[in-house]
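One chain comes next, on its own, written out as structure tokens in the form predicted alone.
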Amino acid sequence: MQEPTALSRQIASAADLSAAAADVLAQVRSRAPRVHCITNSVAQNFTANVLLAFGAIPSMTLSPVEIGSFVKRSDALLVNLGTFGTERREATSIAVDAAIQGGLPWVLDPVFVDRAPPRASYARDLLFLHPTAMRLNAQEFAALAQTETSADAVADFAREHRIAIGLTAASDLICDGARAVTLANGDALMAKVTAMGCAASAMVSACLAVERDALVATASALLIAGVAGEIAAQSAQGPGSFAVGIIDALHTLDAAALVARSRITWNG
């Protein structure tokens, strides 16, 4: 297991955050963190390819007899609740326990908790195990927090659960209860590709493997995904070519382009 970068960054502006994101990108590529993903069956292939293009190493096993060993040999864990059946629930219990014992960062992606109350209840139980970060959309947040989605509600929830939250939409909100940032990067085609959000959550996990500051890691992952989406959209003919293009864009994205394209509002 690799040790994430120590908390030594002084983030006080949008420029500081974009520079930090460029460094996180470089760290992922140089250190190739291993990310174990419990994710839905629809998302597995795309998520794995996104992580590989990003510079991380994915694993996906759900087998109860081996998932603990896989997690212990990883640098971060993703728990995605999509297509969440008995096997994934058992795998999640074992994996989260292994992550906690190993001091690994882990990310909760509470997919579709707005569709099924039992799933929302289970996600709330997982929050008591203190995931490092959570990525979700406004409808999922409202169901999980049982309140209307607003910047204040997200900040309150983040403080209560001691977690960094990445709320993704046309503009993304990232908040840890003390600091907040909004990102205006991305492209509408990102909403037309299955598993794009799931893959973004996996990228958050990869960033947490190299960056201890959960807000910086979460914002970096979503910024990198958004900029890559913009680049891919420039040559895409539609959702199909875009899905391939964003993988290529993640593979070739450099620090200069990331910083130049960043559209960040820092709310410290």
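When you see a residue number, it is the position in the sequence shown, counting from 1. Everything quoted here is computed from the prediction, not taken from an experiment.
The same protein has a further form, the form predicted in complex with another copy of the chain, not shown here; the description that follows concerns it.
Interface membership of residue 189, defined by any non-hydrogen atom within 4.5 Å of another copy of the chain in the model of the complex, is confirmed.
In the model of the complex, another copy of the chain sits within 4.5 Å of a heavy atom belonging to residue 114. Another copy of the chain in the model of the complex is approached by residue 58, whose closest heavy atom lies within 4.5 angstroms of it. Another copy of the chain in the model of the complex comes within 4.5 Å of no heavy atom belonging to residue 26. Heavy atoms of every residue among 52, 87 and 247 are located within 4.5 Å of another copy of the chain in the model of the complex. Contact with another copy of the chain, judged by heavy atoms within 4.5 Å in the model of the complex, is confined among 142 to 150, 155 to 163, 99 to 107, 192 to 200 to 192 to 200. Contacts between stretch 25 to 56 and another copy of the chain, counted in the model of the complex as any heavy atom lying within 4.5 Å, involve 34, 41, 42, 44, 45, 46, 48, 49, 52, 53, 55, listed in sequence order.
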